[in-house]
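Starting off, we have a lone chain in the form predicted alone, written out as structure tokens.
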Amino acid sequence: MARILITSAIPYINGIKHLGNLVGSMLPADLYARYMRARGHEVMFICATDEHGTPAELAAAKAGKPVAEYCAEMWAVQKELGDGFRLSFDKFGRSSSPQNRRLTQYFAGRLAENGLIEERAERQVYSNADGRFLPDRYIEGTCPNCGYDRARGDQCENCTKQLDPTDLIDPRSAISGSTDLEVRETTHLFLRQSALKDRLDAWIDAQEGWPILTTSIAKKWLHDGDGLQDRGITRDLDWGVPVKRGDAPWPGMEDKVFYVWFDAPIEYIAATKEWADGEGKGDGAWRRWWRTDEGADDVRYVQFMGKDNVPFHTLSFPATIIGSGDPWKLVDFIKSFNYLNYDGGQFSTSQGRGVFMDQALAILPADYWRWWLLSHAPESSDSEFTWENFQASVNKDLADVLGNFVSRVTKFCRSRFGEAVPEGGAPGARETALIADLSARVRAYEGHMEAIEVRKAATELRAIWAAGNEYLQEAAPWAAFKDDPDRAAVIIRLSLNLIRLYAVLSRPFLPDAATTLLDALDAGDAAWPEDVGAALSALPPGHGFTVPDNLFRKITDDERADWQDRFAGTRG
């Protein structure tokens, strides 16, 4: 049994996430966590809300609420939606937790002790119209590198180049749109990432099998232009982790907080401590996942994120970990994703364009969305959600292939043999060939899941479902029953066991449908099919079952047209 630590990039607190956010980190992380648990491994799956910084302050002000109250309410909303999509976090924490506050201050103190924190007077943009310093991400303008006209002051989302606000052409406040900006001097703490450049470069080179997307972005930040730059870790804000050096005050920093990018990834560790504290466990329970001197040396740590988060997870967070000088666990594998676009354009939170998590669950159950999103995950390139494709995938894959097989088999058995696995003769050549084919396909499916090749895994799973349909069509138990009932019983007995096999294999993708099938089959044993032949005799003759309700319904053309129109613009 292996020990697998899984973290998903933590979603920001200001609002409900859209489907592009979901498939960019949380959902594929859940797929992997569920699969690894099914294979008998010990899994710790961590996520949280990212609650600090200007976006939280502005969203709270817009809602007319104190920021702490707003964040608490939105955490509850995001937790409920995660549960609705069956995201199986061991802990869904909060970056505003006391645990994260203490750990962030601890890391800052350790970095300072090791000479990696430096105070610098810098000139920062101040908006006269807004009456405040503007964080980098709240200054917009044209990127000097690629010409994108909505680049942020910290990074261009279009070309991923790291920027300073003063680099932008025609800068403006992202809060008010005002161009009445001036540069004022203020003092901040900087993490000396440049001092760790060679160590980070060597560490990245030592990683095997990372996606090209991950390593290419990391290397670009390391080597383009002047190379890896030092990074400010404090801001002139009220809401955030107060700047301290461990437990001690930090002279001159009394009115500042740590920059959200610095404290947010530390929340992965802190959320694990939140889990341990909530379970009434000692510190050893979480430290065994994170400290290599306390057992984490045998942990495999896998991170999931969208490509815009790659620089912080390949460089800045590792710089914090390495720079602390403590034996913290570093990530072993980073699974990064491109963007999911929406119906000829982009998802837009500000414009309400696209489908958001709450809206999706109001339309259809989670499994419908989980299947489409995972089977179309933007791994090697950006992908696009269209309502036509969604309808076709649901109707063909879920309703016609998986759902139809379940319905035909269970209803035929009930009408000819009753609601129990039928007695009958021995399997023949057709069954032997099917078992051999499925054995190879299940091993291929496992290989894709272990390599976190999400789309390939979905394709193989669908092929496994299709193999059962092809077998049923060719074996034709309805015809065999007329002349050879024992032969029909063999076919149906194997097919009922196929349904159990499909439930077990599909559970990481379709947890609700899998539970429905296992319950209908009264299959208390949901063990992974190490031996496919044995798995296809797990339900013996005489084992009772009930016919499940229609597993998946089809999406009509009228529904598709209505949804396409409803989610084209402003969120209601």
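Just so you know, these numbers come straight off a predicted model, no measurement behind them. Heads up: residue numbers just count along the shown sequence, starting at 1.
There is also a form predicted together with the RNA; it is not shown, and the following applies to it.
Novice: Exactly one stretch in 52 to 60, 66 to 74, 503 to 511, 31 to 39 has heavy atoms within 4.5 Å of the RNA in the model of the complex; which is it?
Specialist: Result of the contact check: 52 to 60.
Novice: Look at the candidate spot formed by K220, G227 and R231 and say whether the RNA comes within 4.5 Å of a heavy atom in all three of them in the model of the complex.
Specialist: Answer is yes for this spot.
Novice: Among the candidate residues R443, R150, K396, R430, which is the single one with a non-hydrogen atom no more than 4.5 Å from the RNA in the model of the complex?
Specialist: Only one option qualifies, and that one is K396.
Novice: Using a 4.5 Å heavy atom cut-off, which residue among N114, S380, S176, T166 comes into contact with the RNA in the model of the complex?
Specialist: None of the other options qualify; the answer is S380.
Novice: Can any non-hydrogen atom of Q124 be found within 4.5 angstroms of the RNA in the model of the complex?
Specialist: Taking the distances in the model of the complex, the answer for Q124 is yes, it comes within 4.5 Å of the RNA.
Novice: Would you please decide whether N550 lies within 4.5 angstroms of the RNA in the model of the complex, comparing each non-hydrogen atom pair?
Specialist: Yes - in the model of the complex, heavy atoms of N550 and the RNA come within 4.5 Å of each other.
Novice: Is C146 a contact residue for the RNA in the model of the complex, using a 4.5 Å heavy atom cut-off?
Specialist: No - in the model of the complex, heavy atoms of C146 and the RNA never come within 4.5 Å of each other.
Novice: Just checking whether A285 would be counted as a contact of the RNA in the model of the complex - the rule being heavy atoms within 4.5 angstroms.
Specialist: No.
Novice: Going by the RNA in the model of the complex, which residues of 64 to 90 come within 4.5 Å of it through any heavy atom?
Specialist: Residues within 4.5 Å: none.
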